[in-house]
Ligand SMILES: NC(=O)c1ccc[n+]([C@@H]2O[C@H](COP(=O)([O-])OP(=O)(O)OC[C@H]3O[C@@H](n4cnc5c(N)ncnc54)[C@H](O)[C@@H]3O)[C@@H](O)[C@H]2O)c1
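Only one chain is given next, in structure tokens, and it is the form predicted alone.
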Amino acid sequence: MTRKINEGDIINVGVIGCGQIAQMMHLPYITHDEHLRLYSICDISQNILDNVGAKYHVPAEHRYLDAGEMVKDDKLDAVVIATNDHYDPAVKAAKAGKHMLVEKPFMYSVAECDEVIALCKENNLILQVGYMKRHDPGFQYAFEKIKTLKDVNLVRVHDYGGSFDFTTQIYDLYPKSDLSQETLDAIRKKIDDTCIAEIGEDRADIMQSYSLICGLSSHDTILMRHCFGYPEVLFAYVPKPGFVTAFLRFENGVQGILESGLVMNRRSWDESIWVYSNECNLSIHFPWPYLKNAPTIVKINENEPGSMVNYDKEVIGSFDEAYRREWKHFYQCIVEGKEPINSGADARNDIKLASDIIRAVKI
């Protein structure tokens, strides 16, 4: 039975999947928020479970190797799911009546999205997906500006990522698991099978590009959709696995370009959204996502009112951390019983869009 949580109440939170994103972002912000209590943790690696449990003083009886056992605890109110594959723990958490914040990608198929959404609706649960950039103060500033633009001509979403190998140099992490290669292969196969079921066997060779859109690119496809709606995919091209370019058209006729790629042999981060209108050109430049409190920069080029004098403006809205803000939003949604701005139903559209793009590729 899900308990009623009122404003000011402390909620007991469990972390399912204690890897890098949990250690760098979720665990610290849970423990620092006055309305959240780190209650239990779960990981399939005993080594990670022991080390994280000791660091955060989680009692041994609240450390689990199995998510199904963890969510049986009636005192647990909510979970964050940060595993490689979110489907199984999300189903178990929903059936057990736990509110959940699920890291992106929400799922790897539309069918899995629909199942989890239905379970959460049936049990009156808050389901929020971890698109932290939707809570980024820089984006929120740009979002309000974009809503005032009347004649948008072009939208460009650009994601070009690289190696995250230096995370262990700036954070105290426990990255070494004790999982067998057989276990890791089984996890990978389950994800691959789900992806292929979504995009079709004939596109198995470009499955890596589908995973790229579901993962890296989805942080920006959700922002693009919130600004301009769900697009029609006109054309998509995969020059090689791990890269994709798509040409889009939105309901109001605005044309869009999505370009994304991942190069793991060097450190690179180039993530931005560009909006070109008759009134101004606006661009949003996101920092490396694991660098805490690094600001998102908004650049605006426009005319001075009533003249043809052109000027550039650079805006830093805040140094507040998007991950911290998404947890505060999650809490308020639980207290008020309202749908998150990045709900499960909304996140389903990013998986559907990723599928639409890959299915548009000529093979």
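For every residue, the number given is its place in the sequence shown, counted from 1. Everything numeric here is computed off the predicted structure, so don't read it as measured data.
Below: the form predicted in complex with the ligand, not depicted.
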{"item": "In the predicted bound form, the residue from S277, Q208, T83, S272 that sits within 4.5 Å of the ligand by heavy atoms", "value": "T83"}
{"item": "Proximity to the ligand in the predicted bound form, single hit among K145, K104, R203, H158 (heavy atom within 4.5 Å)", "value": "K104"}
{"item": "Distance check, F250 to the ligand in the predicted bound form, heavy atom within 4.5 Å", "value": "no"}
{"item": "Distance check, L149 to the ligand in the predicted bound form, heavy atom within 4.5 Å", "value": "no"}
{"item": "In the predicted bound form, N51 touching the ligand (heavy atom, 4.5 Å)", "value": "no"}
{"item": "Any non-hydrogen atom of I21 within 4.5 angstroms of the ligand in the predicted bound form", "value": "yes"}
{"item": "All of R134, F228 and V263 with a heavy atom within 4.5 Å of the ligand in the predicted bound form", "value": "no"}
{"item": "Partner-proximal stretch of 305-313, 54-62, 292-300, 37-45 relative to the ligand in the predicted bound form, 4.5 angstroms, heavy atom", "value": "37-45"}
